[in-house]
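Consider the single chain below, provided in structure tokens and representing the form predicted on its own.
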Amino acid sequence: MLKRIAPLALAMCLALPFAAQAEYPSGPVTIIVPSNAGGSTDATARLFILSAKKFWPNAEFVVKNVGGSGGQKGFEEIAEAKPDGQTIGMVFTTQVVAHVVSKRARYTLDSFHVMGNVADDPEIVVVPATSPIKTLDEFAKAAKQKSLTVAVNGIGSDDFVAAKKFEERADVTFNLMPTKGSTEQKAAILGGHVDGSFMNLSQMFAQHKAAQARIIAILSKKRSEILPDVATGIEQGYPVEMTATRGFVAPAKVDPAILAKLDDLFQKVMADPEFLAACKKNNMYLLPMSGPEYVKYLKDEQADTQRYFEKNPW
């Protein structure tokens, strides 16, 4: 009898890890968004969930907003989360690599398993609707006449680096005001509390169209299809380019079988026509990248940010 029980017990023990693995996800999947609610990264996560529920109908997804320090607090919480697949998160550039470059971060790119990238959101320069400034030349001239207060999304952010690059090109110095996210930047612009802001197109497109704010430049290689009347920085004589990417990651040490399921979910969402339509409706500019493609992009971005940091440390 014992001879028969022993092999059965062994088989059951060996099967337990596979049974537990098959149950994934075994509870709510938390998506850490390293910014406050209401911003473009937050909106991306919530649209992702709407589509993800179609493919994982029995799963529960929860957004956890962790704002502050230009995304650093959220990135660290993702990297340090229990590696069981129940916590994933979003990263965005240039912040995720800028904190590594400045040696402030408690993570490196190797701390993450990169699922892939969703969006590409070009940088803009925006002023309050009541501002007399309509061009980058006027913006630079005003900055030489008096100290302009300019909002950015934290030290080391894409906004911050773009502002510093513009200062260098225009030979000006702004009174840079770091904020906790795009929601705070919007309020500052709409309330006329700052002279300008460097931020992302999706964050101020609607307000510009409603004449509640004025976008005076887009910092990309070419004009935006949805904003064809706004000239690029290059066209205006200030060759400053900057864009934000927004992708999904998991802690690096999660079981490979679970990571494979997460990667599969990501690819299904990115191919979902309803998700793509929702992104377009919300003025999100898709730049799909697989995990390996986004890893290469992030490493290149880190190298470029490192070169700039060595010349202009913050």
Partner chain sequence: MIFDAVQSLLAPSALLAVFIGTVAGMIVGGMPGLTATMAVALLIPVTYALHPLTGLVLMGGVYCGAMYGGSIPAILLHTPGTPAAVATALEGYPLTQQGRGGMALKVSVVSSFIGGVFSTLVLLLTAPLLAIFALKFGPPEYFLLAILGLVGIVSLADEGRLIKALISGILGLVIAVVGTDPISGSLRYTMGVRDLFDGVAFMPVLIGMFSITEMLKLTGATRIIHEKAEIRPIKREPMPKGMGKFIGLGSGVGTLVGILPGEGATIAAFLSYNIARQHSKNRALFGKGNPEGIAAAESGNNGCVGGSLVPTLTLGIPGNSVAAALLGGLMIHGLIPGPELFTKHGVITYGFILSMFLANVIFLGLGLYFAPYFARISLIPTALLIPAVCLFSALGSFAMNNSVFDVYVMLFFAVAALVLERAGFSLGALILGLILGPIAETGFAQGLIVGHGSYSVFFTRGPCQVLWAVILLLLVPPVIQIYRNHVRGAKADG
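Numbering follows the first chain given and starts at 1. The structure displayed is predicted, hence computed values, not measured ones.
Just so it is clear, the following notes concern the form predicted together with its partner chain, a form of the same protein that is not shown.
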Spot the stretch among 146-154, 118-126, 216-224, 237-245 with residues whose non-hydrogen atoms come within 4.5 Å of its partner chain in the predicted bound form. 146-154
Would you confirm whether the three residues V172, V295 and K299 all fall within 4.5 Å of its partner chain in the predicted bound form, going by non-hydrogen atoms? no
Could you tell me which one of A271, A37, A260, L286 places a heavy atom within 4.5 Å of its partner chain in the predicted bound form? A37
Does A252 reach its partner chain in the predicted bound form, with heavy atoms at most 4.5 Å apart? no
Using the partner position in the predicted bound form, report whether P83 sits within 4.5 Å of its partner chain, counting heavy atoms only. no
Though only this chain appears here, would P228 touch its partner chain in the predicted bound form if you measure heavy atom gaps against 4.5 Å? no
Taking its partner chain as it sits in the predicted bound form, is K54 in contact with it (heavy atom to heavy atom, 4.5 Å or less)? no
What are the residues of 271-288, in order along the chain, with a heavy atom within 4.5 Å of its partner chain in the predicted bound form? A277, A278, K281, N282, N283
Relative Cα spacing, G154 and A45, in the predicted bound form - shift of 3 Å or more: farther
